Structure formats: structure tokens, C-alpha cells
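Only one chain is included here, represented as C-alpha cells and corresponding to the form predicted on its own.
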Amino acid sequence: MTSYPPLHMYIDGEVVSGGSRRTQAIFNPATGETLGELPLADAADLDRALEAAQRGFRTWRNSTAQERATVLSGAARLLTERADELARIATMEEGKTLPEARIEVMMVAGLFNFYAGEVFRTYGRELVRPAGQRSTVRYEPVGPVAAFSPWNFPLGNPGRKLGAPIAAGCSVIMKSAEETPASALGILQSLYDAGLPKNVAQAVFGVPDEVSRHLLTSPIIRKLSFTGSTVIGKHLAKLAADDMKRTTMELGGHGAVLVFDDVDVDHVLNTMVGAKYRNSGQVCVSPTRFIVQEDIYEKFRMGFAERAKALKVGNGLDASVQMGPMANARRPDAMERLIGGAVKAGARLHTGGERLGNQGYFYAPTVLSEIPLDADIMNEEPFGPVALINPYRNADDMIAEANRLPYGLAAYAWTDDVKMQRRVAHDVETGMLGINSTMIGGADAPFGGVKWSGHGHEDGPEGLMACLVLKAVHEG
């Protein structure tokens, strides 16, 4: 597949395209060219999707573990075979480099394979009772799921939204980001091609508030799974609460990185600079606030700026490029506001701080230091290619800064002191913590945050359990 595919929705097994529906243009963020026109759902489309999801759930909840495992493992195999095609589509839609997009495809394949095994491990239990009595605890699928995913991981996010509900025996209505529709459709197509009944999982697109209100006010939907900003997450959680729907919310972050003075600075830089500018910093777990002990601060700041300045920025389809464009026109505007505000407030700009080129949404890798804590960028998730580096005297001050914000999705710490590693693991308020590593996720590991970064988890056994409800059955 070398060209961009036609766009459509999937409703009750039917390919639903334009007609009289509203459409939205899809743009390549590297070139600005129009890739296609996406049909947007109307109320009748959403009603059809709800009715189909209800029927699909009645069927799929009675599927065997083997049937679900066969679909998931089959989809994983197809994703592996289609990795290059899907990666190219994701790069065209979102802008990230091809190697990053390929990794994303394989992440979904790994997750589907994990759930293909995990479906056999939802055991329940039997309680100890006197002779003649029997009490059991069993797990059952929660019901039809409304799953909303953002654009920054156009393959991985839809994979997460589909994998766990399907493994649990639920049906799904997926509304992925309108900016990256073909990637999400490619993930769903792999499940269809592996044998998933088409009314079990459906894909709709539309005006986000219209779709979310329509789906979440329906009693058919029993669970909301959302990945996105804290502001939107709070809004959707209120809508879900009106009908007491279960929620999994993976929301914003402002990743703290504690760098203690006993580390090899060059080793930390060689690891963290690449992590910071991955996907142009448009990653919910992106390392952002670098909390550096004073003795190594100057060396760390200078080394970070040198490496950031040397990164090659360009079209993600170019094999030599290390960082692609931002995903849409909103993001460079946000960078200008946040970075400009920080500099005006007294922060030092060491590199970057400007748009690049005259087409697409390119923004230079940026390094700021000595940023006042009341600057917007120190309190609002920047979601872009900017590193914020400030010096701190001791561990108490560093941990206090890590915990200062109401966010708690991901944090990182670098130290060779085992006692300090244990203290950080205990004291830093976060859902995920990487110590001397940026690897904070995996198919078998729970992914989620605390405080304003949300609740519930995806991936791992916890992701599957989030789509199940408990039933206690007592027999006399």
C-alpha cells in the first residue's frame, strides 16, 4: 500500500462512506496536502451503531475463550504482516517517523497476543461453604463499550481500545481521532479479517461532542474508555456518571524526570533526549520537567541543548529524519504561546523556540532552563518538543517538585543509589515510574495514572479486568 486508502466508517458490518453526510478533510502534517475526506456520523448513524453493538454483545458475551483467542492472535499475525503498510499510513496522517510507527504496530500485535492468552486466565473462584451450599465468584463482560482515542498514537491507541473489550467478551463502538482515521480502521480491519463478527466492533467518526453525548446518554453503553486531555476527560466522566457507567480514563501528564548527581550524565542524556523528542514530544508519558541536582546541572543542560540542536527534523517518511512534524496546526500555535510566555517570564532559551520551514507543522526541538514555576508551561502539559530543565539542591526539593502538580501519569528517576531508588519509588506520586530506564510500559504491564491523570488501567491483566464485572452466586 503506497497511497492513502479511502475513508469510511464501519457500522453493523457495513462500509459507510460519504453520501449526504458532512465530511472532514484529512491533512498530511508534513506537507499540508489533503489526504482524503472523512465522513462524519449523524444521529441516525450513531443509533444504528448502538443497536448493532447491543446485538453484537449478546452474541460475543457467549463466545468461548478459544474463539476470542483465535481472533486476537489471528489479528496479531495480520498486523505483523501489514506492519510496513500501516506504519506508512500512520506517518502520513500523524507525522511521526516510520521507525516509530512500525514499533507502534508491533506494540498492538504484542498486546493482542497477550490478551489471546489472558482470556484463559479469568478464573473466578469458589468460596468455602458447608456441605450442601455453594458460593462462586465469577467474571462477566461489562457490556457494550464506548471507546474514544486520540491522534498521537494512531495505531496503538485504537489497539488498546479494541483489544481488552474484545478479549473480555464485550462489544465496542470506537471513535478514534478524526485526524488519523485510516490508521484506526487498519487495526479494526485486522480483527475483522481474523474472524471477529462485524457487529462486535464498529468505527464511527464525527463531531466529538455530538458523538460522545449521543453514545454516553444511551443506556446501551455500559463502559467508557477514554484517552485524552484532562479537561475533556472530566467532561466525559460527568456524562458517564449520569448513567453510572464504568470508566477507564487515561488523561494528561507532565512527566517529571529526577536526575541525581551520582549518575553518568552522558548516558542519561543519550537516553532521555531521544525519549523527549519521540513523536515530537506528543506523548502523554513524555519526559518534560527535568529536575536536576545542582552539581551536574550545567553539564546536563549544555549537553541536552547540544543534542537537541543536532536532531534532524523533517518528513517522517524520510529514513534519515529523527523527528517529524507536529500532528496538526494547533500544536505549533500552542508551542509559541507556552514557550513565548516562559521566555517572557524569565526562562532561558538555549535552542529551538521557533517554527521550521514554510509548509507543514514543524517546530524546532526546544530547551528551556531556569523557568519560573508560575509560568504556564510549568503547570500545563506542553505536549510538544520542549524540555524544561531546572536545578534543585537536594532530594527533598526534587521530590517536592515532582509531586507539585495535580498530574501523576509517568515519572522517571536516574540514580545509582539503591536507597534513593527505593525512596523515589515510594515517595513520587505517579501511576508509572521508570528508574534508570524509559521503558515504563508493556503488554503485560498496567498503564494508567493517578490524580488528574485519570483512573483505571489499560494493558496487562488489569486492562482485561477493567472490562469485566464481578458476580457472586450463592446456592443453598
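The shown structure was predicted, so the numbers you read here are calculated from the model rather than taken from an experiment. A residue's number is simply how far along the shown sequence it sits, counting from 1.
Although it is not shown, the form predicted in complex with a small molecule is what the next lines describe.
Counting only non-hydrogen atoms, choose the one of 121-129, 292-300, 207-215, 359-367 that falls within 4.5 Å of the small molecule in the model of the complex.
The contacting stretch here is 207-215.
In the model of the complex, the one of G156, P141, G252, G186 near the small molecule [non-hydrogen atom within 4.5 angstroms]
Exactly one listed residue reaches within 4.5 Å, namely G252.
Under a 4.5 angstroms heavy atom criterion, identify the one residue in S229, T136, N403, T271 near the small molecule in the model of the complex.
In short, S229.
Quick one: in the model of the complex, does every one of P150, L236 and R330 get a heavy atom within 4.5 Å of the small molecule?
Every residue of the spot touches the small molecule in the model of the complex.
Mark E104 yes when one of its heavy atoms lies within 4.5 Å of a heavy atom of the small molecule in the model of the complex, and no otherwise.
So E104 does not count as contacting the small molecule.
How about E306: is it within 4.5 Å of the small molecule in the model of the complex, going by heavy atoms?
Although the small molecule is absent here, E306 would stay clear of it in the model of the complex, with no heavy atoms inside 4.5 Å.
Interface membership of E100, the small molecule in the model of the complex, 4.5 Å heavy atom rule:
Judged by the heavy-atom cut-off of 4.5 Å, E100 is well away from the small molecule in the model of the complex.
E178 within 4.5 Å of the small molecule in the model of the complex, heavy atoms
Yes, contact at 4.5 Å.
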